[in-house]
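Quick heads-up: it's one chain on its own, the form predicted on its own, in structure tokens.
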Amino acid sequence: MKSNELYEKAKKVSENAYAPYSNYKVGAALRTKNGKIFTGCNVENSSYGLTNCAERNAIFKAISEGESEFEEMIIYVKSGNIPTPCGACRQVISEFSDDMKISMFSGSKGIESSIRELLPLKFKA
């Protein structure tokens, strides 16, 4: 189920999360169809609406580097509930892929899904 390289990168980047309000540190590792890996962590703000999730940070980093075809993402938190992407992240992910594999882990316990399963009726303009 898990790609060890993506899992380790998501776990490592979660340590960089800026989460002074929730103390919920999330890491995401994204593999492009070209095999490149991009990571992201959540960054909170005291004005909560300005907070950005790990998943979107990884995607935005990839886009800024010219990559927009994605294959797989792993989302990681150290403990607690399995971290499923929020609605905003699901919509952003679905913009770039209808079938991307998404694995979500709390420690070593995880589940696998796809963006199609997580957001069956995405918004299209």
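Sequential numbering from 1, following the sequence displayed. Everything numeric here is computed off the predicted structure, so don't read it as measured data.
The same protein also exists as the form predicted in complex with a small molecule; that form is not shown, yet it is the one meant from here on.
- This chain is displayed alone, yet in the model of the complex one of V92, C53, A62, M100 has a heavy atom within 4.5 Å of the small molecule; that residue is C53.
- Of the heavy atoms in S106, none are within 4.5 Å of the small molecule in the model of the complex.
- Contact between E44 and the small molecule in the model of the complex is found at the 4.5 Å heavy atom cutoff.
- Interface residue remark: I37 is not counted as part of the site for the small molecule in the model of the complex, having no heavy atom within 4.5 Å.
- Contact annotation for T84: at least one heavy atom lies within 4.5 Å of the small molecule in the model of the complex.
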